[in-house]
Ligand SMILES: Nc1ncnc2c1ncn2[C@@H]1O[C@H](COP(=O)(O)OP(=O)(O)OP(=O)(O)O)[C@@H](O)[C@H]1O
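In the block that follows, a single chain appears as C-alpha cells, in the form predicted on its own.
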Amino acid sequence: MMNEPILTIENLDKRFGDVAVLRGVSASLLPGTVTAFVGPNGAGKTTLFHAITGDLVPDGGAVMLRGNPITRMAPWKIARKGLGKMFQDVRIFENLTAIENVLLALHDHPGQSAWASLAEAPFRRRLEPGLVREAKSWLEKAGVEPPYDRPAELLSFGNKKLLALARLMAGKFDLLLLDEPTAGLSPIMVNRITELIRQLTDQGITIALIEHNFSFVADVAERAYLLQEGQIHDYGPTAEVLAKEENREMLIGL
C-alpha cells in the first residue's frame, strides 16, 4: 500500500567508543516521496545513512525495508533489495570511462559483490551492443557531458555527480539515499540535480537526502527530519521545519 513506509528506522543507536552518535533515532520514508535529513555538522546524519545501508553496524535498533529487517545485513545484499546510495565523496571508477561506469550497473554480476566483475578482463568483451546503447541513454538522461568514452577522472566534479546518479538510475533502485547531492555544485548543476530528483519521484522512486543547501531542500523535499546530537529534534513538512526560529538558529545561526 502506498501509505505504508518503504523504509522504517526504529530506535537506532550507534556509538564510537564513549561517543553516542545516534541515540534512539526513528524515522520512516513513504514511497515516491523525498525526505530530507538536516542538521548541524556532527549531528549524526551520515552515520545514520551508513547504518541504513549496512556500511556501519548499529549498536541497537532496527531498519526495515518493505517490512523486512535489513539490520546488520551486508551492504551488497541491501543494494540487491533495491536500495541505492550516493555519498558525498562521489564513488565512481575514475580509471573507467563514463559509459563503462554505467555498464557496470547494467551488467549481470555473479557472486557476492555488484562490482565483482570489475576485475574480470573479459567483462567488456561480453557486453551486448544493446547494453551500450542503454548505458548511453542513462548518461544522456542524467545530463552527463559527452564524450562518454573518456576516463571518468577527466570529468568535472559536477559531471562526476551526474555520472553517479546515472549509474543509480541504470541500477533501477526504487529507494535512493543521497548524501549532499548538491555540495560544491554551481547553480546550473543544482538545477539539474533538482530536475533529476523530480523526474525520479514522478517515476515512483523514493529518495532520502542529506543536505546543507536549504533552498534546495525546500524545493524538493516534502518532509524533513532535523537531527541534533544524534537525536531527532524536529520532524514534519519541510517548510514548517525550516521556518521555525529555533531550527534556523540550530541550522544556520539566524
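Everything quoted here is computed from the prediction, not taken from an experiment. Numbers follow the displayed sequence, beginning with 1.
This next part talks about the form predicted in complex with this ligand, which is not shown.
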Closest heavy atom of His212 to this ligand in the predicted complex, within 4.5 Å or not?
yes
Applying a 4.5 Å heavy atom distance criterion, does Thr53 contact this ligand in the predicted complex?
no
Contact label in the predicted complex: Glu100 to this ligand, heavy atom within 4.5 Å
no
Using a 4.5 angstroms cut-off on non-hydrogen atoms, would Pro58 count as touching this ligand in the predicted complex?
no
Considering Ala27, Leu185, Val220, Ala43, which brings a non-hydrogen atom within 4.5 Å of this ligand in the predicted complex?
Ala43
Out of Ile9, Leu242, Val21, Ile232, which one falls within 4.5 Å of this ligand in the predicted complex, going by heavy atoms?
Val21
Can you tell me which of 188-196, 60-68, 27-35, 43-51 lies within 4.5 Å of this ligand in the predicted complex, counting heavy atoms only?
43-51
